[in-house]
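Starting off, we have a lone chain in the form predicted alone, written out as structure tokens.
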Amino acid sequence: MTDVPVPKPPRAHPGYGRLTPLWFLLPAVVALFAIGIYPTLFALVTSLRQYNIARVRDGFPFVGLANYATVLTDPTFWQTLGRTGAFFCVALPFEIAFGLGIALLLHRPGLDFLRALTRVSLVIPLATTYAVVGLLGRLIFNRDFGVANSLIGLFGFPAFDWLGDVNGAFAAICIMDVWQWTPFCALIFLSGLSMVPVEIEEAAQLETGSRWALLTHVQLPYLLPGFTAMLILRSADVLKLFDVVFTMTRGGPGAATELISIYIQRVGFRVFDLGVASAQALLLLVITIVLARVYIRFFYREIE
């Protein structure tokens, strides 16, 4: 009986060692530490000190949780946080409704070229930087030559000072946010719809002619994971939204569009109280984590 020769294991590359995978991971770890971990730790240390860069001679003494107490008893902080929540509650439903409608239209069979062209065009608002979106908003809602006043003028309405009115400015930043982030919602929903098995969808269409029943009973379970991720990302984005609002309105008129990020910037870089500003930023981080857990608890469902 002949012995079957055992193949030799492949010879490793002479430059490959046990530490080679770590060298590949090192750039990502360094970038994560420099961009995420170190600033968070620095903000944590700063939030526990009296850190006013306009009074460097006073030093940076340790004050414990005094900055957090200042933030929690600051009525302006709660007002701006409530205004941010109102912005989120106004803009997000439109983004979800428009995004779901676009996704359902693109999911229908036929018109392949038009569907491909629409998918490409959806990326354009997402690829536009926040500052450019803010500049576009200033041009669109300009009182004298803005597109918004030209459109309402077609229906006989007089020119309106969008960015100079309390409600108009708030509506303007909501409209620009809906324009920029509706494509994101549409792409998330479209990816969820693409996961629905074709045979199940066709069987459901034969069983019932109601598109609402098809959406709620067949497609919805596949949309919920992406919907949960979308809620988490949009909540974090709204809480740190700065560039668009600052470029369009600077938080005005008055404090009509002063979201929480604008207020933190004012405390940190106009009042120069980085200790209180760091405490505010860390509280926002805690709020984001709590909201993420709430979304996962109530909306996320595994597809069986």
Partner chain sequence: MPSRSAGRLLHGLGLLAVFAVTVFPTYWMVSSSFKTQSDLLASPPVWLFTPTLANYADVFADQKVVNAVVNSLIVAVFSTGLSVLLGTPAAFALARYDFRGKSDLWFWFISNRFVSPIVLALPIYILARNLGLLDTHLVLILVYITFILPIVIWIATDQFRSIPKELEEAARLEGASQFAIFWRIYLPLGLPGIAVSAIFGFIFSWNELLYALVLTRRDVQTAPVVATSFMSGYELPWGKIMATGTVIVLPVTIFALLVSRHMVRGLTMGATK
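Positions refer to the first chain, counted from 1. For the two forms, the rigid core is made up of the largest set of C-alpha atoms that agree within 1.5 Å on superposition. This structure is a prediction, so every number in the text was calculated from the model and none was measured.
There is another form of the same protein, the form predicted in complex with the partner chain; it is not shown, and what comes next is about it.
Partner contacts here mean any heavy atom within 4.5 Å of the partner chain in the predicted complex, and among 166-174, 80-88, 183-191, 213-221 they occur only in 183-191. Of the listed positions (A97, A204, L72, L135), a single one reaches within 4.5 angstroms of the partner chain by any non-hydrogen atom in the predicted complex, namely L135. The partner chain is not drawn, but in the predicted complex it has no heavy atom within 4.5 Å of E199.
Although the partner is absent here, T208 lies well away from the partner chain in the predicted complex, with no heavy atom inside 4.5 Å. At a distance threshold of 4.5 angstroms between non-hydrogen atoms, N52 is out of contact with the partner chain in the predicted complex. The partner chain is not shown here, and in the predicted complex it never comes within 4.5 Å of any heavy atom of G251. Contacts with the partner chain in the predicted complex, taken as any heavy atom within 4.5 Å, map to no residue of 196-215. When the rigid core is held fixed, the Cα atom of V245 travels less than 2 angstroms between the shown form and the other one.
Core-superposed comparison between the shown form and the other one: the C-alpha position of G164 differs by less than 2 Å. The two forms, fitted on the rigid core, differ between the shown form and the other one by less than 2 Å at the CA of Y263.
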